[in-house]
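Form predicted on its own, single chain, as C-alpha cells, below.
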C-alpha cells in the first residue's frame, strides 16, 4: 500500500487553541473537516468548530441549541442511565446527544497555509430545531455565481442534509433540510450535466443495506430525486464499515474523480478514490483498491478521536490537488496530491 499524500510540513495548520470560542462559557474541543473554496483571490476554509463547557469532576455537561440561546445539560457521571463509551456521543435514558455543539467558522489565507479570521464575516450557526445539536462538515460548491453549502444538520430527530446558498459570504439564503434523516456527506457536482444538478450523498441503515454512497439529480439544486446507490463498503477491507463522499467531484478527461472516506470496524478512517462516467455519473467505472491516504502521523493517530483522516474540501490547480482534512477529529491539516497519480492508482 502506497500513501500518495505529501503532507504539509506545517501540519497541523489549525488546532483548537488557535481560535476563540464562539459562545461565552464554552471551550473549543475540536476543529474538524473544513469546506474549502476560493474567493477574492484567497483560499478559504469553512471549519467545523466543536465546543462544549469545561468539564468538571463528577459531571458530564454538553450544550444544545434552545430557541435563540444555548442550554447546558448536566448529568452526574455516575448516573446508571448514562453511557459515554463514545467520546462523540452521549446516550442518556435511551436518547442520544452530541458531546459538543458545532458551528461553521470562516477563515482565509493568502498562501493556503496560514489562516486567519477576516473581519466582517460571521460564523454560521444552527438556526432551527432541525439544527439543535449543531451544523457540521460543510461541503462548498460554486456553480456559476452561487456557492452551495451542503452540511450535516443534527438534532434529536436525526441527522440530515441542510443547504444554504450565498454569493458574497455575508448574505445567506437557507433552503432548509434538502435530504431528511438519516443522511450526510452530501457533495454537489461543480457543474450541471445535461442540464441537471447532481449530488452524492450517504443514507445510513442499521438493519438493511449499509453506509453506502448514493447519487441524486435535481432540476434546481434544491429538490432531489432519482436516487441510486453507486458505491458500497467492501468486506474485510479498509472501507468495510462505512464510506462517504468528500468534496465536489473533480472533472478530468477520464471522468468525474471523487475522493471519499472509508472506515473499517475499528473506526480507522482513510481516503480512497473512485471515478464516474462524465455523461452518466451514476456509472462508476473505477475505484482504488487500497487507500490513497492513511492516518500515520502522530496528529492523525492521537486526538479527540484518533486514527482519522477525513476530507470534505480541496483546491484544484492543474494536476495539483490540495486536500484540506480533519486529523484525529481535532486538527485541520493539508496534503498535496497529483491527480494523475490518483487516476493511475484506480482499478477499472
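Numbering follows the first chain given and starts at 1. Computed from a prediction, not measured in an experiment: that's the story for all the values here.
Quick note: we don't show the form predicted together with ligand MAN, though the next part is all about it.
Only one segment in the set 211-219, 81-89, 169-177, 271-279 has any non-hydrogen atom within 4.5 angstroms of ligand MAN in the model of the complex, and it is 81-89. Taken together, the three residues 14, 106 and 330 lack any non-hydrogen atom within 4.5 angstroms of ligand MAN in the model of the complex.
Note on the partner interface in the model of the complex: the residue among 259, 138, 154, 163 having a heavy atom within 4.5 angstroms of ligand MAN is 154.
Shown without its partner, this chain lists 143, 75, 250, 98 as candidates; in the model of the complex, only 98 has a non-hydrogen atom within 4.5 angstroms of ligand MAN. Interface residue remark: residue 263 is not counted as part of the site for ligand MAN in the model of the complex, having no heavy atom within 4.5 Å. Not displayed here, ligand MAN is kept clear of residue 201 by more than 4.5 Å at the level of heavy atoms in the model of the complex. Contact annotation: residue 132 falls outside 4.5 Å of ligand MAN in the model of the complex, judged by heavy atom distances. The closest heavy atom approach of residue 230 to ligand MAN in the model of the complex falls outside 4.5 Å.
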